[in-house]
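Only one chain is shown below, in structure tokens, and it's the form predicted alone.
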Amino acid sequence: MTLTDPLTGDTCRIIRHRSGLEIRVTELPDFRTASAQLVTKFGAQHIRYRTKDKPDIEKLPSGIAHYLEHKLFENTDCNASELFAKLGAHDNAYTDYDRTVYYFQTAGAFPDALRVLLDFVIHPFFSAESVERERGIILQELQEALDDPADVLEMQLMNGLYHAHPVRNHVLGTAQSIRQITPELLYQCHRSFYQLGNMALCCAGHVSEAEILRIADELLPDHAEQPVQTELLLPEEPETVCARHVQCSMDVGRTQFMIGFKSPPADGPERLRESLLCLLVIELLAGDSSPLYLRLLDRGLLHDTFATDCLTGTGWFAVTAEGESDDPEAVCAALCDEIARMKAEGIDEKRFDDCKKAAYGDAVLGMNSPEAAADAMTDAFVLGIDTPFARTALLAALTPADAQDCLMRRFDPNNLTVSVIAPL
């Protein structure tokens, strides 16, 4: 299948390899660099699931997806990062709530780097000694996260917004859950979620589709294995927030806050569209060119460290605003007043048009690198969307009426949480 961006003419090829792996390729011959990402639909929220052939519920320790990410870059002889470094490639990996991604960027030796990526991720090796050694590393990483105000602020917010959803748990897990992880559990997760039919290889930049397919033929099975059909089990989540205000004290110079609006989740293309709408609406409400933001600056209630975002995943959806303020509740009250005013008076169509043009330009420029193109292909795969060029098409179609509808549905002042970190 060939997909074309009507704006830039860039193409994305989607091939289902005989092994079951989905391969997505965007050739950008004008670039000297190349990027590859290998993604699986397995993340921090996958702690309760069942398979089609076993009715019993499988329960996993929180943080196991991240633990597995660490261990898959190591085998009996060396670790993948050493081999990538010898090839002059920069490698890394990350775990989110709905995915784990392994990637590299290189200005040369792309074929050899791709062989390293596929070999390490698809052929696991876990010994009791190596798993135990990694446990200490991950416990130290968790402690560093718990000492990071930005991490604590967001986790506090998620615990305030959600009653039961796994997004309440840190991606790294807890000290207790990390100690429960064994080689057997890691192998179980790899068998269940690292099936090639549950994964995609996304390559962009100075790459050749024919060469990528040759390497896939060389390293991957010549037939698709019988898939282990897994069903993610999420607990029932009330529509209301768990707590209106959550607060702790840390060694920070100024009070930090994060406001989150909880609303119903969305999936697939609708999730992308709703995210884009919410980003436009929160920009209209409190972006750095909005009247509210300027008023809050003038009153000294905000400082220049202020940002808005939309955080979403399977079974959860939140729009956020965060910054530093001596009076976070006053900021929250002013934001709620602005929401009420905009709901009553309607969206300013001129400002909407300006914000939409800026977002559209960012979306176009955001695809102008191999890394960004690979990111877009990975996001599309996880969301179940064919085209990685959907963002610009969706943005182009949005109207002030869509934004007004989004404002009414997803910005409820009675369904928000304020997370605060005060100085010790």
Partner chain sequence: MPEQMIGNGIRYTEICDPKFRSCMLLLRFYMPRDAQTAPVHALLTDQLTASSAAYPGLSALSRRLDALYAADFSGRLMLCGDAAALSFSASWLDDRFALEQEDLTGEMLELVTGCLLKPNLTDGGFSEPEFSLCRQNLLDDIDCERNDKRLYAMQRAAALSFEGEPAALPPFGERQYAEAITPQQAYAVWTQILRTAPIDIVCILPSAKPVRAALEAAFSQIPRSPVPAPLQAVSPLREVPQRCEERISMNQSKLVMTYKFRGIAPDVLRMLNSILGGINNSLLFLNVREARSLCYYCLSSYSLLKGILSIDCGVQSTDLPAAEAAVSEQIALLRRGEFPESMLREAVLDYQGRAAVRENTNSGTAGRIADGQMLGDTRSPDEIAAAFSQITRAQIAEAARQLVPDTVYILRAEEADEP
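Here the structure is a predicted model, which is why all the values come from computation and not from measurement. Numbering follows the first chain given and starts at 1.
Quick note: we don't show the form predicted in complex with its partner chain, though the next part is all about it.
Practice prompt. Consider the chain as shown here, without its partner, and state which of Gln247, Ser127, Gln180, Ser289 has a heavy atom within 4.5 Å of its partner chain in the model of the complex.
Written response: Comparing distances to its partner chain in the model of the complex, the residue within 4.5 Å is Ser289.
Discussion item. Please identify the residue among Glu144, Glu349, Glu184, Asp119 with any heavy atom within 4.5 Å of its partner chain in the model of the complex.
Written reply: Contact residue from the list: Glu144.
Worksheet item: Should Asp91 be counted as a contact of its partner chain in the model of the complex, where contact means heavy atoms within 4.5 Å?
Response: Contact with its partner chain, yes.
Discussion item. In the model of the complex, is there a heavy atom of its partner chain that lies within 4.5 Å of any heavy atom of Thr230, even though the partner is absent here?
Written reply: Answer no; every heavy atom of Thr230 is more than 4.5 Å from its partner chain in the model of the complex.
Practice prompt. Indicate whether Ser208 is a 4.5 Å heavy atom neighbour of its partner chain in the model of the complex.
Written response: Although its partner chain is absent here, Ser208 would stay clear of it in the model of the complex, with no heavy atoms inside 4.5 Å.
Discussion item. Just checking whether Thr387 would be counted as a contact of its partner chain in the model of the complex - the rule being heavy atoms within 4.5 angstroms.
Written reply: Judged by the heavy-atom cut-off of 4.5 Å, Thr387 is well away from its partner chain in the model of the complex.
Item to complete: Determine which one of 131-139, 235-243, 273-281, 218-226 lies within 4.5 Å of its partner chain in the model of the complex, judging by heavy atom distances; exactly one does.
Response: In the other structure, the partner sits against 131-139.
Worksheet item: Does every residue of Asp10, His70 and Leu424 put a non-hydrogen atom within 4.5 angstroms of its partner chain in the model of the complex?
Response: Yes, each of Asp10, His70 and Leu424 comes within 4.5 Å of its partner chain in the model of the complex.
Worksheet item: For 357-389: residues with a non-hydrogen atom within 4.5 angstroms of its partner chain in the model of the complex?
Response: Result: Lys357, Ala358, Tyr360, Gly361, Asp362, Val364, Leu365, Met367, Asn368, Ser369, Pro370, Glu371.
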